[in-house]
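Quick heads-up: it's one chain on its own, the form predicted on its own, in structure tokens.
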């Protein structure tokens, strides 16, 4: 066998074994294939916006591309309103892009909302939109990085708390940048998630995000956004976004309506802790994801037995994860587990959309960080793998359900540890107080599809990290995904 055939055979085998098949979508060579946004149109075609500002439409029947729009500034999200109109989030604004004469090419670019500030800092990305059932749009705004300064020309009101404006672009900026914080929000509404109504009215929803790369709405209508590890984030997070929540990064606080004028860097950590809403899930750094991206609802039963759960991409792993939400006493928490993992997946998994046929399109980017480019279509092969179907907290531990029955389960079949991350201004955090979670009893259901795991002690504010490499189905199959982490914010 030649090397090319061996490579093809290995990819085909891994695809079939994993329960999913993969198809690489060819992108025109004239386009920088870094994907900032993906969406599915009502007619079933796929619209993609690319790093250099083009919007192309992929005809799923002919497998050909047509340019729809161009000249956009770093578009990082797109929503199809119908087969001719799109809402696109580019760096300076949320833009309505329309094809008014139905020739397949956009001829109207209209500012829909641009009421947020800009300083010209390289890290002021703008993410979204996602749209709810009422037609409201949600966008999320990055905060700036002191890895670079700002420009003299800005848009919006400027906050001089802690460092006057002119000192941001003086020659001795490197000496003064610490006064601004590692990441800063000097114009409205950096570090916020905003809602834009169908008539263009803006409502600030929640503050305290650092780098919220994408937004998604789940089966319950709840809004989620990821956040990337950094200062004030011990590890990456998935936030459940609701009105008036503070998610932990203090830079954005001066833009709260009732803020008292203090420098957010001077607010004691214990005061910030009382204000913040803990993340709906943590992505342990180096274990599950290092740079999570767009959440997406699994809205169909054609992509495996996980309908109504959510997917989350990641930039640094060859991976797309599942989020299994568990609402306990009104608190959102739950578990993350890989779904698509390893070859032939690639890194840089930035944007996701489901086609009308239930296949998943994964768009990749790299910008100046680790990543890749291009688009992969992923199709479920109809075979149900042995996998964790779901997990729920009980009063004494956890209930795990599986896609296939187990013959038995003992404490020797898996490892369960707990730990937490520090909430502090430093960049990231090691895992703290990592220890084995003592199991007192395990019981299987009569059909073997669920297991109750009883623990000696349940602690709030912990990640419960399951290593499941020895768990086998009744027929001797190993689990498709063997690492799962449950974020426990509230006990039953």
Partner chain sequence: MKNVWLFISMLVLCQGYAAEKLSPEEEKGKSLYTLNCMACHALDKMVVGPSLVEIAHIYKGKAEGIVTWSMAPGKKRKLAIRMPPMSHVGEERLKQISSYIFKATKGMKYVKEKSKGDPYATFPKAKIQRMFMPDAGPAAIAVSLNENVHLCWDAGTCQFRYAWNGGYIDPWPVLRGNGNGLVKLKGEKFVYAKQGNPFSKGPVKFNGYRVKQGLPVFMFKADGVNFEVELSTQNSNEVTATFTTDSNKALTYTPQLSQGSWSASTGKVTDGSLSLTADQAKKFSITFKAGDK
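Given the structure is predicted, the values throughout are model-derived calculations rather than measurements. Numbering follows the first chain given and starts at 1.
One more form of this protein, predicted together with the partner chain, exists but is not displayed; see below.
### Query
Can residue 430 be called a contact residue for the partner chain in the model of the complex at 4.5 Å between heavy atoms?
So residue 430 counts as contacting the partner chain.
### Query
Would residue 307 show up as a contact with the partner chain in the model of the complex if we use heavy atoms at 4.5 Å?
Output for residue 307 is no: heavy atoms all beyond 4.5 Å of the partner chain.
### Task
Please check if residue 285 has a heavy atom lying within 4.5 Å of any heavy atom of the partner chain in the model of the complex.
Flag for residue 285 set to yes.
### Query
Does the partner chain come within 4.5 Å of any heavy atom of residue 446 in the model of the complex?
Contact check for residue 446: no, nothing within 4.5 Å of the partner chain in the model of the complex.
### Task
Identify, from the list 84, 290, 376, 159, the residue with a heavy atom within 4.5 Å of the partner chain in the model of the complex.
Looking at 84, 290, 376, 159 one by one, just 290 meets the 4.5 Å heavy-atom criterion.
### Task
Using heavy atoms only and a 4.5 Å cut-off, determine which of 420, 278, 177, 346 is in contact with the partner chain in the model of the complex.
Residue within 4.5 Å of the partner: 177.
#### Entry: 73, 153 and 316 all contacting the partner chain in the model of the complex, non-hydrogen atom within 4.5 Å
Yes, the whole candidate spot contacts the partner chain.
### Message
To test your reading of this chain, name the stretch in 40 to 48, 438 to 446, 65 to 73, 454 to 462 whose heavy atoms come within 4.5 Å of the partner chain in the model of the complex.
### Response
It is 65 to 73 that comes within 4.5 Å of the partner.
#### Entry: Contacts with the partner chain in the model of the complex, stretch 52 to 66 (heavy atom within 4.5 Å)
The stretch touches the partner through 52 alone.
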